[in-house]
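A lone chain, given as structure tokens: the form predicted alone.
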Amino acid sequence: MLSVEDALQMIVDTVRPSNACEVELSAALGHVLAADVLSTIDSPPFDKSMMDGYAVRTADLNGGATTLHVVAEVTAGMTPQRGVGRNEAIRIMTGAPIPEGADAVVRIEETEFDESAGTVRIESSGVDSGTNIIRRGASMRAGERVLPAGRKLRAQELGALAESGEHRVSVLPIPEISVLATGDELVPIDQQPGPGQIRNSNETMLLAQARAAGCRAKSLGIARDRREELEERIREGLKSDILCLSGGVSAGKFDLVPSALAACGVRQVFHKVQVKPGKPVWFGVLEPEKSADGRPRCIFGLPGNPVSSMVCFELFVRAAVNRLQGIEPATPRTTASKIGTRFHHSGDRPTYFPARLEWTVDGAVATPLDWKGSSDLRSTVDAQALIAFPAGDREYRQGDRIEVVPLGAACGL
């Protein structure tokens, strides 16, 4: 049976980034850059004031109280009409260009203006050349890389691109994930379950995980354990970049997903991974020549038990999402942590155990929850991470080093 590492490597080797496209900067939030972006300007484009105050020559300051003649005023958006001469000052506003001759700005709070005399008294101790001035190109220089390919665009990245004048950017498209729940036992969440039935909670959870991973999410509802219905829904789901099925991937009589996928032209890459929870997880691809638009599709058969489904999404589906978007590394990033309590773990498979994650002055501390197994979704609502316990039998002491996968960020940027 495959290890988690081998399964992730197979996903990385199978999935290729999508083709880049251009979008308006206003529509680029959440996308991933397809190419490096170089600045076309120096930023700031001129020496400018960081404060409201007075532009002065430090050569005129004597280290104590100094009185200078105020000869002009410059505000943001203006061009200074004259420079600063000997024993002169120019009143200046935040963001305004530094007048020629000035080499420092004294904060207005450290000055006293005499309107009748047209002078300003300055307490000049601690004012050195460059004080309260941000130099041209201090933020970035023309030709300098603003952002690298593979960077996911948040508000601050969009601001930096706007500053550089990038009104259109080359990005990788945001993937669409379709979610299909399977099983005769499922009923919609707004219905009261009858005998032997359960609500379709996995669909809601997986759609939310897809959106949290930065994808567009599409619900395909519930497919009953009938081959014709299952294949019809699968074909609909194969229109999306990724299809996630929940349930029907074990070895039971009605675990029809693998054979139904094969009937729809999907090639199996792996089935079953040495992991707990989530051992029955299935991964395959629809090759480009078999899809309607010539683009490959990724398909995941996730176990029906909710925590298994959740964990497999965080470990495996997110890796495929990152590969499609060109994010490296695509595979889960773990965080070094200390275990918050004495804990005994025993298992023949690596276990991803729900835990509370806290940050202290000494670093991350992860405390295992009272988790009762793959069907116990309720316990995970208090979890911020998964402790990656290796296979074997071990008694952990409080403070022992462990590795954790933060939930919602299993494949980092």
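All residue numbers refer to positions in the sequence shown, first residue = 1. Everything numeric here is computed off the predicted structure, so don't read it as measured data.
The protein also exists as the form predicted together with a small molecule; that form is not presented, and the subsequent description refers to it.
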property: Sole residue of 306, 99, 332, 277 within 4.5 Å of the small molecule in the predicted complex, by heavy atom; result: 306
property: 76, 212, 142, 198 - the one with a heavy atom within 4.5 Å of the small molecule in the predicted complex; result: 198
property: Residue stretch of 296-304, 319-327, 235-243, 108-116 approaching the small molecule in the predicted complex, non-hydrogen atom distance within 4.5 Å; result: 296-304
property: Contact test in the predicted complex: residue 186 vs the small molecule, heavy atoms, 4.5 Å; result: yes
property: Contact flag, residue 273 vs the small molecule in the predicted complex, heavy atom cut 4.5 Å; result: no
property: Contact label in the predicted complex: residue 261 to the small molecule, heavy atom within 4.5 Å; result: no
property: Interface membership of residue 131, the small molecule in the predicted complex, 4.5 Å heavy atom rule; result: no
